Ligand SMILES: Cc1cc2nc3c(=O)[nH]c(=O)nc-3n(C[C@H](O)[C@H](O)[C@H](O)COP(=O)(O)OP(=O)(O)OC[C@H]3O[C@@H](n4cnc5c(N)ncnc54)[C@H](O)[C@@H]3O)c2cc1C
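Quick setup: one chain, the form predicted on its own, written in structure tokens, and binding and motion questions come after.
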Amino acid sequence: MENYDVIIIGSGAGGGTLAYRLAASGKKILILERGGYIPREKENWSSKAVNTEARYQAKETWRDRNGKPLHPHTNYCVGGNTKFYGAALFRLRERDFRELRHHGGVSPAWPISYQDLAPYYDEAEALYHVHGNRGEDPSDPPGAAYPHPAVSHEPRLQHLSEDFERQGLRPFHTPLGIMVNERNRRASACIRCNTCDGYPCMVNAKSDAQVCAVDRAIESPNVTLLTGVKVERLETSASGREITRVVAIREGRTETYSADIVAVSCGAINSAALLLRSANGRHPDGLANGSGAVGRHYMGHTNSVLMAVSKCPNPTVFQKTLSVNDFYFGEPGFDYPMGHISFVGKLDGETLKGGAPPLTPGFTLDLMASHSLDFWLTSEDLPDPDNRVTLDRDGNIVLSYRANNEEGHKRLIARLKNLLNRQRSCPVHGHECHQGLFARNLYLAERIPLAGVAHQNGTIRFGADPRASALDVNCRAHEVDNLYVVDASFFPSSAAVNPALTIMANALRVGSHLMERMN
């Protein structure tokens, strides 16, 4: 059994970024990835293949808290879920790191501050080619200027942005990790297509973990990537204080690996499941779970997609450029956080088939999509210990979750509808669109179901107190000296923006710690 300096399990936002950071160390590093490379094929850009047929999604079944089958919307591949994310790369707000009172309870403080993570946010934004305009977002924390200029709005979204400004808001350009050059289109890898958010990028122009981190890491001769490797359990020494073997299945055979340091980055749900499957005599409730925190406090955000259908068409192709954070921490009359408003990629008739509502006579899904503005709304859910990952008798994942802190989200949806009713450029409001097919308000709001686990976090929280957390401030297990976790499992709270950039920044932070430890 060959020994490595570091084994990294998973190659997504956390694992891939950590591999990139450690590659220059010269240490012997092994990346174990459950999936393979996403094939470059025409189906990458097919709404039917990606959304209707779920061509690239994991083919496995979990269970919910009532024992009902759950087919997770997750992807096992080099680059992890970043291959399919919308590349919106937000920093958490400064106040997100502190204790924050919500309508439904209290969001706990982190054991580090925003200032501790700020230099790593700067570095992550450079590594992942983030485009934006620092300070345009009214809740934006301080930091270096974005490495690339903001991605421009297409006309319909520019008009909407101006409408929002007239209503007293401060809309801003969504920070995006894409390799676009709007000043020189010939030099631009990104072509601003309509299949970015939720799709793999056929031209490798999305700043995912494979393209930006893993592919660069494995250029170093000291870094090895093995694909098609599902890690089953981690085994420890007799004392239980260090991992001695990583046991995995590859091509139907059991293989074992060893390393001085093991970093787990399987996604918050699968990382917790791996530690639970690794229970032994020294760790009877799961590896590193003396606190009972492993698997608990699952958070996935309260997310909704709101489709607003207006009289005039929306010919936007690349829609994910506009955001609103004016209500992130509340508004007059509601002094509690509400959340974040942005756009999803442009919806089409094929995508709508999966959850289409009953339609007004004369509507078709394609016609509806051609007139729609497609919003993504995110509010913070709170860390409830009963929202958790467990295993059934056969070792399969059970994801138990009950929604909480919903009042702010309901108000956010209502607030957005009110803003849209007051548009001037192309009103949604019925009395201003008094003729034609779209002669009344039409809003379709759909809550993202439990299977939508793109924002999973919180199941192996970090903290200073070993009695209440599984990891220390460097994301090392309190009870296992050579075990680290670098995906979103470490989050003690979820905030209300996409977690990807925070995972990346923290992986760089942990990587710097490991560089010092190994020298």
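Note that the structure is predicted; figures quoted are calculated from it, not measured. Quick note: we count residues from 1 along the sequence shown, nothing fancier.
The protein also exists as the form predicted in complex with this ligand; that form is not presented, and the subsequent description refers to it.
Q: Flag residue 13 as yes or no: does it have a non-hydrogen atom within 4.5 angstroms of any non-hydrogen atom of this ligand in the predicted complex?
A: Contact with this ligand, yes.
Q: Is residue 499 part of the interface with this ligand in the predicted complex - any heavy atom within 4.5 Å?
A: Because a heavy atom of residue 499 falls inside 4.5 Å of this ligand in the predicted complex, the answer is yes.
Q: Is there a heavy atom of residue 137 no more than 4.5 Å from a heavy atom of this ligand in the predicted complex?
A: Because no heavy atom of residue 137 falls inside 4.5 Å of this ligand in the predicted complex, the answer is no.
Q: Contact between residue 198 and this ligand in the predicted complex at 4.5 Å, heavy atoms?
A: Output for residue 198 is yes: heavy atoms within 4.5 Å of this ligand.
Q: Quick one: from 412, 266, 262, 288, grab the residue that has a heavy atom within 4.5 Å of this ligand in the predicted complex.
A: Filtering the options by heavy-atom distance leaves 266.
Q: Identify which of 129, 91, 320, 283 has a heavy atom within 4.5 Å of this ligand in the predicted complex; exactly one of them does.
A: In short, 320.
Q: Exactly one stretch in 102 to 110, 253 to 261, 71 to 79, 365 to 373 has heavy atoms within 4.5 Å of this ligand in the predicted complex; which is it?
A: Selected stretch: 71 to 79.
Q: Looking at this ligand in the predicted complex, which residues in 477 to 491 have at least one heavy atom within 4.5 Å of it?
A: Heavy-atom contacts within 4.5 Å come from 487, 488.
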